[in-house]
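Below sits a lone chain in structure tokens, taken as the form predicted alone.
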């Protein structure tokens, strides 16, 4: 008997379990109105001092910009991400001009806040029947150059977006991983009072 890897230990909303990161995408295109609903969800993510440091740069399939975005990915990721409906590069602003200040100051939480916006984006996509897959394997320096990302911004990750497709359309080397995975129990990452975890050095 196969055990469902997505049974939570505590009651949560089903959307958190439904969201996973497939590589098999269908040929469905995404319209601007739907795509912008995902960006709207990202807009309302929490951020330190309401700095909102996230920036999303995107291209949809079959547009003039599409080949440029595909070329940013490493060879393995191009095999499946080229079939997505859209590719997005997430960038975060590393400084913040606080209200009343004359000079910007370092924003230590810029990546964390951009991650919160990405989570909102992914969950809104899931709610509307779309799938997302975060991609770490891409050329960040090339992305900075080709997408004209200025100094003071950090290139975080790439995101593939599309309707889930048939696994038969996916290269065989990816088949084994084309399924939802599990997570560590909360006991592995929460501690009351002080830091004490089983993966501490020397323990």
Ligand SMILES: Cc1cc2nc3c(=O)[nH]c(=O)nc-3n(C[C@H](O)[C@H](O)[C@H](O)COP(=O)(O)O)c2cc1C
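Positions refer to the first chain, counted from 1. A quick note: this is a predicted structure, and the numbers were derived from the prediction, not measured.
In what follows, reference is made to the form predicted together with this ligand, a form of this protein that is not presented.
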| property | result |
| --- | --- |
| Non-hydrogen atom contact residue 130 with this ligand in the predicted complex at 4.5 angstroms | no |
| Residue 134 within 4.5 Å of this ligand in the predicted complex, heavy atoms | yes |
| Residue 157: touches this ligand in the predicted complex, heavy atom cutoff 4.5 angstroms | yes |
| Contact flag, residue 181 vs this ligand in the predicted complex, heavy atom cut 4.5 Å | yes |
| Partner-proximal stretch of 39-47, 59-67, 161-169, 135-143 relative to this ligand in the predicted complex, 4.5 angstroms, heavy atom | 135-143 |
| Position in contact with this ligand when the complex is considered in the predicted complex, options 77, 96, 124, 92, heavy atoms within 4.5 Å | 77 |
| Residues in 8-31 close to this ligand in the predicted complex, defined by a heavy atom within 4.5 Å, in order | 19, 20, 21, 23 |
